[in-house]
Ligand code: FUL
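A single chain, nothing else alongside it, follows as structure tokens in the form predicted on its own.
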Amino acid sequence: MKKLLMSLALLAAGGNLHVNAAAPPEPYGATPTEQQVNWLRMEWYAFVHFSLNTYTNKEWGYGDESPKLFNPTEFDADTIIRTFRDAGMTGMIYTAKHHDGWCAWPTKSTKHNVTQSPWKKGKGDVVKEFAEACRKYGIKFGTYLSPWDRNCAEYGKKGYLDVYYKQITELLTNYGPIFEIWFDGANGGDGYYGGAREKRNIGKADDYYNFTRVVKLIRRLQPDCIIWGAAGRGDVTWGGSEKGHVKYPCWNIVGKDTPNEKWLSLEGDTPINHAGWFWHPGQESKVKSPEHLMQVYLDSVGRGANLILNVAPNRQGKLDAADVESLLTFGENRRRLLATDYALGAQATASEVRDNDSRFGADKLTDGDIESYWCPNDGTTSGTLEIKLKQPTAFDVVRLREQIRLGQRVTGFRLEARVNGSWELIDNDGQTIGHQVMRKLPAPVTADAVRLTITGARACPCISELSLLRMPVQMPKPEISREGNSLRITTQDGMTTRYTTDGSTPGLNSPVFSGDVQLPEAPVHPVKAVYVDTAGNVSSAASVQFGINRSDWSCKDSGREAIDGNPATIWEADKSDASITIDMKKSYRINAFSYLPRQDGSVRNMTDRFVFEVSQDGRKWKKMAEGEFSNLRANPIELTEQFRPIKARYIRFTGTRSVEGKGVSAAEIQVYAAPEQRKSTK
């Protein structure tokens, strides 16, 4: 009894300590849900595009593709998900159905699904295997379900809604917890539609799909599931670029400073290579370097958004080795960047503390607890915080976080560092902070103190973290180009450049680039190059598949801008079905061409349907490829179309439709040589 009375007395005394304590600030404006807070802390995860498009070399299937194409004989979800886990990813989102309408699970909503494929004799379920592998390796599972369905005969009519709601219900009922569901914004257009082969428009997507009902359905089935898109009725929206970059300042608020403010988080999305969202032949030469991925990370996660990085399996169901190498290297660089916070535990002071209550003191910035925060009194919208380091320390990334449970408040800040006893301005362009902002300095700074000045806020600022980080040394990749037939590879001081021209990966014993290397006019293998430092460390390999040398080519009438090697120049015609006719001057055995859309930010006359023909004499023409360039408005990248090898001297590219306008255009047209046929030894 004596111990109990003593405990009660101590509890009462402890309670009395906070009788006159400061009340925490009230939330200001829109605030995130608990689900949105947890989602933001995931930071980055994988996107996986893997379906019939993998086998047709398309980005957007038309809807008439046979399910029998899908047969990934070496598919192993465990290996793929383990790779994501090892890279530090926190989840993955799988495209269970893309615009072509094919479903990668045994849905009861349509026969156009995985049961009609030869894979596992029609008994397989890609969604299930990915979901189970995610649980096994401790990362979260999400799914993408395209609202547009170019296969379904009922699309554009009321009957399709029953199909679509059934698909949502199946995915959110049969595969365990779903952390995010994605609804793409591509809706309506040309399609197979059960054999109708016509164009269907749905008007306003929100009206047709009834996203209000969709959101209610998802909340009932999986209350913690984050909803991407849904005509702005979800929790997360697009960052605005399929290059992964999110603009700064990044506000997680729509309708800011109005009575209808809503918290809507942003997500940056991009593929790991420049080939597109699905796997395409030859994409190993287009993989983004770990250094490129780090910049994407800083331009998305480092601006307060999340990053979803697409890594697409090939036709065997495996990830390309080049993608895996870049992913794991970037993952290790990210881990090293975040491993040491040089401000952790540093002494901190502030110009003002809320009612002098230590619960809101400046030391909350350096205590390693994301939930604690410094804040001044109500009505104070500026202030200065200073942290003193134990010793002069080098850093080049400053990370700041607001306590977003109380709203996104800061509208301006600057950073100073004390170098050799003098204060130096290191960042004078800070605007909002939000969930987090990472400010990369032009060069490392060695300082013994750092000062953060909040210059403006919508309400009293609530800052939970100030971290000082150091970007790990990253070996860059060489840059490969050619001038005529002369190979050009960049060099680095203190490093050796080694290369190959037979498609193999260069290493320590590969030839050293001397600057005097001639390429064939029609290369059939990619050129690859690496840097090697004095310690024997080897950089990631750069790889470029060159097309046929175009320096002697000529165009009939017009089109020279499309073969001049300068992406900034554009061939453009203001009429439909306009063509470029090119004389390559000699016959080559070719098996592919590429089209680079205009790169000036406009989509006027940007060709999205084409015909490609070849000829030996310039009179008799043979059609080798015809189709659609998909997703150009959001992702205007170089696209490659393959065809069976054929000898040709002349080529003709015709644009038959454009994204906007009635004409056609091209920044670059390139043609690729096929290996010569092997002669029989019999």
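Treat the numbers as computed from the prediction; the structure is a model and nothing was measured. Residue positions are given as counts along the sequence shown, with the first one as 1.
Here the subject shifts to the form predicted in complex with this ligand, a form of this protein not shown in this document.
Visitor: Quick one: does residue 277 come within 4.5 Å of this ligand in the model of the complex, counting heavy atoms only?
Guide: Taking the distances in the model of the complex, the answer for residue 277 is yes, it comes within 4.5 Å of this ligand.
Visitor: Contact with this ligand in the model of the complex for residue 269, defined as at least one heavy atom pair within 4.5 Å: yes or no?
Guide: Residue-level check for residue 269: yes, a contact with this ligand.
Visitor: Though only this chain appears here, would residue 479 touch this ligand in the model of the complex if you measure heavy atom gaps against 4.5 Å?
Guide: Looking in the model of the complex, residue contacts with this ligand do not include residue 479, since no heavy atom lies within 4.5 Å.
Visitor: Can you tell me if residue 144 lies within 4.5 angstroms of this ligand in the model of the complex, counting non-hydrogen atoms only?
Guide: Residue-level check for residue 144: yes, a contact with this ligand.
Visitor: Just to confirm, with a 4.5 Å cut-off on non-hydrogen atoms, which of 409, 435, 112, 99 contacts this ligand in the model of the complex?
Guide: By the 4.5 Å criterion, the partner-contacting residue is 99.
Visitor: With this ligand left out of view, choose which of 84, 571, 182, 94 has a non-hydrogen atom within 4.5 angstroms of it in the model of the complex.
Guide: The residue from 84, 571, 182, 94 that makes the contact is 182.
Visitor: Out of the stretches listed (389-397, 183-191, 409-417, 536-544), which one is close to this ligand in the model of the complex, meaning heavy atoms within 4.5 Å?
Guide: Heavy-atom contact with the partner occurs in 183-191.
Visitor: Sequence order please: the residues of 43-60 with a heavy atom within 4.5 Å of this ligand in the model of the complex.
Guide: Contacting residues: 47, 49, 59, 60.
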